[in-house]
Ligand code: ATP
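Taking the form predicted alone, here's one chain by itself in structure tokens.
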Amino acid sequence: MNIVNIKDTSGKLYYIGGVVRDELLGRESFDIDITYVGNAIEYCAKFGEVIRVNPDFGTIRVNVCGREVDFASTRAEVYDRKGHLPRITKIGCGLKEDVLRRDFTVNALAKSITTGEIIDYTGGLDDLKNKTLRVLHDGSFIDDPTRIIRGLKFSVRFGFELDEHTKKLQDEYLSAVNYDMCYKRVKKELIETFNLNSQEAFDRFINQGIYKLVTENDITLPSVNIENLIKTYPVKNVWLVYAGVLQDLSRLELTRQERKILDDFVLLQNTPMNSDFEIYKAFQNVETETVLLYAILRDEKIARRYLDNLRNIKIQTTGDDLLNLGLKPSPKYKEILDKILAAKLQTPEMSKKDELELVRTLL
């Protein structure tokens, strides 16, 4: 566990959730979440420099010996509007009431900072041993549907499986999705899950119908192995290559760049690509993510042709060279440069001298 140097004898400070789970699994945990049974803002400010405070949720971030640590007050909450952020009903409740609001039993474990004792109110230790994911109550997915995506993420990361009843609850929810939900949270979970670059995760996402949280369209699993594709052609927005397969991401709040990646793919679907020149011109101004979507959803062979053989071919002749040859600036510039490009795609070893000789021939 990523231990922080906190000397406290109150008996009210606990490592909570993922950091405890990861320690018991023998994995490194990068996030340090600590819960205080009471008001953490009032109690935990003394441990170091206060970085941020959120009174509504009873949380405080403190710089403890050079490390940023999040302290949370124990709290109780209710979901007045299913699928959206809960309303806090009490700050400073008991530890048991606090852990019962969490997603899965394996994430509801606590460890006393004072004594090192593991506190398990929900059977999380047994589920951890049996590699089982189990929700804490039957309304869990109704309260927060993003827990379904988190369950997928944990399944892939740790090799866990949903217990039979939890799987039944998931299937029931996915058969009648309430699309009035917080899609900012959905996007966050999609990013964390698909950035694992796991074909297994995507297979389950489609085959188990989890994609229905995002779109009402019927989706079938593409034949292309996306994990291998991304390993061969690394991209920044890994998650968007996977999610883009759904094509309908209208419910997600996308950045301008993310939207452009998807819009460019739509434009490419009816673009002729019958020659290297047409392939090059189609892909030259789009992101690699768009090319990968074309590989997955349209034609893998054409996309790989561009990525493997064409995209690094560049002509050296410029507009200044054409001007020096006596050609006044005009739309003919583009025509000539395109003809040079077409020739170089056929003969990549062409030198600039060869290109200029071709220009003279064209003139």
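We number the residues from 1 along the sequence you see. This one's a predicted model, so the numbers in the text were calculated from it and none came from an experiment.
Below, we turn to the form predicted in complex with the named molecule, even though it does not appear here.
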| item | value |
| --- | --- |
| Candidate stretches 30-38, 330-338, 298-306, 61-69, one within 4.5 Å of the named molecule in the model of the complex by heavy atom | 30-38 |
| Partner proximity in the model of the complex: R102 to the named molecule, non-hydrogen atom cutoff 4.5 Å | yes |
| 4.5 Å heavy atom contact, R150 and the named molecule in the model of the complex | yes |
| F154 within 4.5 Å of the named molecule in the model of the complex, heavy atoms | yes |
| Partner proximity in the model of the complex: D163 to the named molecule, non-hydrogen atom cutoff 4.5 Å | no |
| Proximity to the named molecule in the model of the complex, single hit among K260, K281, R185, R81 (heavy atom within 4.5 Å) | R185 |
| Of D120, D144, D127, E287, the one that lies within 4.5 Å of the named molecule in the model of the complex (heavy atoms) | D144 |
| Contact test, all of G18, D22 and E192, partner the named molecule in the model of the complex, heavy atom 4.5 Å | yes |
